[in-house]
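Below you will find one chain, with nothing else, as structure tokens; this is the form predicted on its own, and questions on how it binds or moves follow later.
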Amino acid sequence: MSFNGKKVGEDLKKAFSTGVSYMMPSVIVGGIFLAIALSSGTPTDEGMVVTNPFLQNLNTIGVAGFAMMIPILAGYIAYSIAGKPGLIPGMILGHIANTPLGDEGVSTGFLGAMIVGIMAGYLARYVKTWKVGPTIRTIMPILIIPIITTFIVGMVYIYILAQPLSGFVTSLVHFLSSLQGGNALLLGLVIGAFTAIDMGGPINKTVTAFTLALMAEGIFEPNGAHRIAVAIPPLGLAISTFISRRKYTKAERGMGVSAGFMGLIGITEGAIPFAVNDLKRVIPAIMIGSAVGGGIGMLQNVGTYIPHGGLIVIGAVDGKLWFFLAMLIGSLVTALILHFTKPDLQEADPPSKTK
């Protein structure tokens, strides 16, 4: 099996596109059901609490859709590279990447899922080339390849990839703590950027833990900045799909509607499908937009008293006008950055005329 830069690049582009296309329905289903359920929720110290039994069931469906999102992404990345033998290893490994491991509870979210999906795909494709007898060949796709791929990539992830991330997250906590009580604008910018960078992953959760710790001390402004920032990536992308329609496919524009709903209820993961397809443009745009929103929130002393974000919690916010304006301005910044950095889609070649 040969690897050259151009071929690998084409493989990865196709794999990410495949992963996103299969993940989209799970994101949409989960997001819509969560939006309906949480819109009826009551703000509490534990977040938005849904009390209606029927809406609790809708919430359960929504949570299930989100739980499936990351494994599907990893599974179909591997499937695109290796075919059917890569699918189940990718899904299992994607689930592991999104599940807290060890005493530190390390999880790597969608970025980890992309990495293990790629590793599983290439390893499964390599194992497919092994020369084996006819009897073994029949069980290779359903037994040999999945077991070998899942074991090797799983062990590499658990013993090599996860621990360095744990150290990084610990360092991040110390860094955020060092900013406490310092420059409000700087703290807001950092909280906003780190909230957006992995869209609900371990860095986002580290920021959440930091702001919750401050809430326990009676300091609510950093939580306000964080809860503004969580909504900006999906809202910014929703606005971008509306004002920059030539830069998105029809499916992505439809996904923008779902992302908008998710942004309103503070679900950052609504931006993930867009980021997977265009990391180099989307990640900087959402980080800058969220940083702007977080910075404005801190400067204006916006405090949020519950551990949830989005406009859905505005009733539990001190400084409601600036909470709304910071979220709007940050979302517009993201949309404008994407407007000027994302290229227009290439028009399909017109059909040739025949006489």
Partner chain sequence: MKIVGVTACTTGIAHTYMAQEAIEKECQKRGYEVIIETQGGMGIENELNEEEIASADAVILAISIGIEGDERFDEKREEGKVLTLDPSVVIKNVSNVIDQLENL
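Positions refer to the first chain, counted from 1. Quick caveat, the model's predicted, so the values are computed rather than measured.
Missing here is the form predicted in complex with its partner chain; even so, the following discussion is about that form.
Q: Check, residue by residue, if 18, 267 and 272 all come within 4.5 Å of its partner chain in the model of the complex, counting heavy atoms only.
A: The answer is yes; 18, 267 and 272 each reach its partner chain.
Q) Picking from 200 to 208, 235 to 243, 149 to 157, 108 to 116, which part of the chain touches its partner chain in the model of the complex when contact means heavy atoms within 4.5 Å? A) That would be stretch 200 to 208.
Q) Is residue 80 one of the residues lying within 4.5 Å of its partner chain in the model of the complex, judged by heavy atom distances? A) Yes, residue 80 is a contact residue.
Q: Answer yes if any heavy atom of residue 339 is within 4.5 Å of a heavy atom of its partner chain in the model of the complex; otherwise answer no.
A: No.
Q. Taking the shown form as reference, are the C-alpha positions of residue 226 and residue 23 brought closer or pushed farther apart in the model of the complex, with a change of 3 Å or more?
A. Residues converge in the model of the complex, at least 3 Å closer.
Q: Compare the CA separation of residue 281 and residue 20 in the model of the complex with the one in the displayed structure, and answer closer or farther (the difference is at least 3 Å).
A: Distance between the C-alphas of residue 281 and residue 20: longer in the model of the complex, by 3 Å or more.
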